[in-house]
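For reference, the chain that follows is the form predicted on its own, supplied as structure tokens.
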């Protein structure tokens, strides 16, 4: 079962403090980078839920984020719905689309699963690119932001919007954690490690995969809604397979199947992109070299390497520190 170690709690606290400091001290450009990181964190959180804990490596999660963004804009702009209702509808549509994709692809494995999800993503991209209803390759604008004036927040202000995105990410993380700790999450872990055995126990394994894929679609849909609100414009590029590929790179870079690692990877990736982008246009090469080094080192990403090196040591020290003198004496005598 998924659990939080002291190291994971510590990294989460460091990330939260860093995000809050950035939100309250940064200028406009720094806030835009923070918002970009937070939205990417939502996407990679959704991807890690299925790839890291279910073994379903998806290349359509970028497209699912795009579905959320386009569904939100269609309901808000074309149907003239209130932004909050449009957001709920968009998340529901994305979750339904993700469940259908998961159900269809659930019986495939490995490269076949990857290719099937890639095909679904490219189908969505091609449809939107050619659709006059959704603006084709020109995209769509005229997007409204949520109205939180009742609690004194103006989301048209970058600082307020960044704090709102941080709160949404925290809620999404708790949601993902609740899934992994539930019976469904434990069943998913069993399916990933030995699907034949889980079938022999009478479990409907394709339904487990589809359900988790649909739940991850909720988080991807939320990321799409925030992406649309952030730029207040969407285009088919949001649904391109490269968005899914980039998200997968971030998950591997941070630490697959850790839930915390992808958040570290998202922050590192976006910061590297902007910092290296000022020095060279070939910043992808640098990121590629780092990714190759991570994979060749056999470490599970940046966080996985840290966890393997110091996680057990920190947990032992904390356990020793919380033991009573009598317990320590009994342990020593033994």
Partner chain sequence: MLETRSLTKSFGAVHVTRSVSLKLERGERRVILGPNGAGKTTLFNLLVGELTPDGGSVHLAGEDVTALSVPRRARRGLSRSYQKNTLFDGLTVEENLALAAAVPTGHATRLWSDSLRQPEIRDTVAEVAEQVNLMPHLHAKVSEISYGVRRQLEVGVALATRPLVLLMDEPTSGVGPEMSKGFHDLLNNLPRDLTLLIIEHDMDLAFAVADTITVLNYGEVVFDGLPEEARGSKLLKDIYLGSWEDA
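These numbers come from a predicted model, not from an experiment. Numbering follows the first chain given and starts at 1.
Just so it is clear, the following notes concern the form predicted in complex with the partner chain, a form of the same protein that is not shown.
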Exercise. Is there a non-hydrogen atom of residue 190 within 4.5 angstroms of a non-hydrogen atom of the partner chain in the predicted complex?
Worked result: yes
Problem set entry | Exercise: residue 174 in contact with the partner chain in the predicted complex, heavy atom 4.5 Å | no
Exercise. Taking heavy atoms and a 4.5 Å cut-off, does residue 182 contact the partner chain in the predicted complex?
Worked result: yes
Exercise. With the partner left out of view, is residue 152 within 4.5 angstroms of the partner chain in the predicted complex by any non-hydrogen atom?
Worked result: no
Exercise. In the predicted complex, which of 193-201, 85-93, 137-145, 236-244 comes within 4.5 Å of the partner chain (heavy atoms)?
Worked result: 193-201
For this session: State the residue from 226, 264, 208, 162 whose non-hydrogen atoms include one within 4.5 Å of the partner chain in the predicted complex.
Result: 208
For this session: Answer with one of 253, 260, 169, 215: the residue that has a non-hydrogen atom within 4.5 Å of the partner chain in the predicted complex.
Result: 215
